[in-house]
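Just one chain is shown here, as structure tokens, and it is the form predicted on its own.
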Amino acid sequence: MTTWVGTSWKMNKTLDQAREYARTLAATDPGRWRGLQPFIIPPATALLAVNEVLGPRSPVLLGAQNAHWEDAGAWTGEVSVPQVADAGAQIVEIGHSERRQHFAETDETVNLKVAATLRHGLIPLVCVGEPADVFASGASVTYVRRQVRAALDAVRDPRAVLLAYEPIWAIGSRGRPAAPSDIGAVFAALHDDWGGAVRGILYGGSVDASNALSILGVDGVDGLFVGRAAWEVDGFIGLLDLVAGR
């Protein structure tokens, strides 16, 4: 089974910094990562530059952090799925909690973006996760199940879809790293609902070298979606080596 390990750079890195990261990654022997599927998600400004450095045969998949559900039109400031695909994206990250909180992304628009991504043959990486008050109330499973059902509503064939469970209380610089016991019930539910039906179910939220292997030991976890611990290329390569050697 393939284990997915990837990172989103969020709003970080200039073109020169992005190219340098990609050059180091491209120069590393991918044979070290048998059984893994690495991916990186740069900001839109760096997508084409990173794609050009990695090259068409790279084992590292490339993603976009967002894309609109319409193919073209009067949507100032947005980019479409065909545009990010043209720049080299193979994955589109959809529904991250920051997009939902700060940019009014809803279950409805997440669903529209999933449909658009699939329509153009790319992989939707659908982010779901509950806030701290829901976790404290014991309602995480119900909350996350509802998000996934809404995101994949009317999707006839979800086999290309990646799910990333990222509890809001665990992400960001102030996030609390999750213990395996914190996330086991959600992954059991997601595996019951979608295991074998989607391409993979990943975990994200304060992942680093200290907890990566324990998280991967949770039943139903197919990979890791890493934040700041992989923003420097040595950190990303170190995590890939760690997971590959388990």
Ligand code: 13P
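Worth saying up front: this structure is predicted, and the values here are computed from it rather than measured. One-based numbering along the sequence shown.
Same protein, other form: the form predicted together with the named molecule, not shown, and the subject of what follows.
With the named molecule omitted here, the record of contacts in the predicted complex names 204 to 212 of 178 to 186, 25 to 33, 64 to 72, 204 to 212, defined by a heavy atom within 4.5 Å.
Between the options 87, 118, 151, 171, the residue in contact with the named molecule in the predicted complex by a heavy atom within 4.5 angstroms is 171. Not displayed here, the named molecule is kept clear of residue 13 by more than 4.5 Å at the level of heavy atoms in the predicted complex. With a 4.5 Å cutoff on heavy atoms, residue 19 does not count as touching the named molecule in the predicted complex; it lies far away. In the predicted complex, 225, 226, 227, 228 are the residues of 211 to 233 with at least one heavy atom within 4.5 Å of the named molecule, listed from first to last.
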